[in-house]
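In the form predicted alone, a lone chain appears below as structure tokens.
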């Protein structure tokens, strides 16, 4: 079972889009997939067409020990989701020690999935630390622009701390170049610099700018449901095949 946190401390880089569509591609390829939405904004939950305001229990209730994870799993035609809602904001106020281990402890008995993907908040707070403590891998979506590239190093610093203190097993599986346009020279420069500084970490498949990827969440659909012939669908399928092949 590959447990992968999809994380970047900067918002708007394609993190949730990547989580949802990699999960959907894995399902198409025949894998059993669970998506955990650990972002209090519940964007992955929305993206799957689930209204967080109508969710009786969320990942918060699992982490706080109120319910078993099996009780809240949403079966979305064979793709499984642990939904989020705004209650996740309250995790940091729970009167318990070692909050970084709440998710790991709550999902200690989790099994039966080929892939578990965790959609993280755009921050390095306690929710993201929970995801990194539970995960075996991290995939980093990187908008191929100057500022997101330099901001990514804050995440690497946090990962060093997690490896030393919380989870020695976690590793960076890869970096996804998102919102790519061949017309922009800065995109090419950022990709070259990423490969130079982090050789072998950048996936060869780039996620090109695609209007359909921006539209699909408003319909509560994955890109494969919304426009399966789009460049977005082709890119995410090719990327997912790379992720499967890079299982070390």
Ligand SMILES: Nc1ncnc2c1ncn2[C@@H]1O[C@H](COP(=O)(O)OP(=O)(O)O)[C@@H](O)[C@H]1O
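Just so it is clear, the model here is predicted, and its values are computed rather than measured. Positions refer to the first chain, counted from 1.
Not on display, but discussed next: the form predicted together with this ligand.
The partner is absent here; in the predicted complex, the one residue of 208, 221, 201, 32 having a heavy atom within 4.5 Å of this ligand is 208. Checking 26, 42, 179, 63 for any heavy atom within 4.5 Å of this ligand in the predicted complex turns up a single hit: 179. Note that among 50-58, 209-217, 65-73, 188-196, the stretch whose heavy atoms approach this ligand to within 4.5 Å in the predicted complex is 209-217. Using a 4.5 angstroms threshold between heavy atoms, residue 228 stays clear of this ligand in the predicted complex. Not displayed here, this ligand is kept clear of residue 233 by more than 4.5 Å at the level of heavy atoms in the predicted complex. Although the partner is absent here, residue 22 lies well away from this ligand in the predicted complex, with no heavy atom inside 4.5 Å. When contacts are judged by a 4.5 Å heavy atom cut-off, residue 16 counts as touching this ligand in the predicted complex.
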